[in-house]
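Only one chain is shown below, in structure tokens, and it's the form predicted alone.
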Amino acid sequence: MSVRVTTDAFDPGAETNSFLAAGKGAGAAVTFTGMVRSSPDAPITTLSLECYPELAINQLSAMLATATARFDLLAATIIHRYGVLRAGEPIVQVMTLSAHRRAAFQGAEFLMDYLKTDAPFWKQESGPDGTRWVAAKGDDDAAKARWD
């Protein structure tokens, strides 16, 4: 189990290959990579993420342990960046390994739902219309509620 909170860019393909190479005995792997989104109707130039790295690592590690136990994961990794990121850059990667696909998918979804709602990161978008803090979305809360 691994949590990395970093300002450094990462290569999602290389991270996935490394994760899979260590996955002996697994029957399923799920990888999710989230990227900084910009669209023509809501363009952004940068996304700034703030966090206290030690707090984020502690909280993400606890959630990773919960997911591992709940879904019987063989391995799981969370990589989350902070600092100033540009549109199109990877921001987060969640990877899960399990004996069966359902557990791998559920473990990854569980972790992403937590990351979208409760992880201690504060996001600010900058674009042509200025800068604004990113608020939590009701859809994200609803997605997380299914795990209660």
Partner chain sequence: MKILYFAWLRERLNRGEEEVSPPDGVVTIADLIDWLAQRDEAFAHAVEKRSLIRSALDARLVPHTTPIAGASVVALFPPMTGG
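For clarity, every value in this text was computed on a predicted model and none was experimentally measured. Residue numbers count along the first chain shown, from 1.
Separately, the form predicted together with the partner chain exists; it is not shown, and the next lines address it.
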| property | result |
| --- | --- |
| Proximity of Leu64 to the partner chain in the predicted bound form, heavy atoms at 4.5 Å | no |
| Lys123, heavy atom within 4.5 angstroms of the partner chain in the predicted bound form | yes |
| 4.5 Å heavy atom contact, Thr46 to the partner chain in the predicted bound form | no |
| Contact test in the predicted bound form: Gln59 vs the partner chain, heavy atoms, 4.5 Å | yes |
| Residues within stretch 102 to 135 having a non-hydrogen atom within 4.5 Å of the partner chain in the predicted bound form | Met112, Leu115, Lys116, Thr117, Asp118, Ala119, Pro120, Phe121, Trp122, Lys123, Gln124, Trp133, Val134, Ala135 |
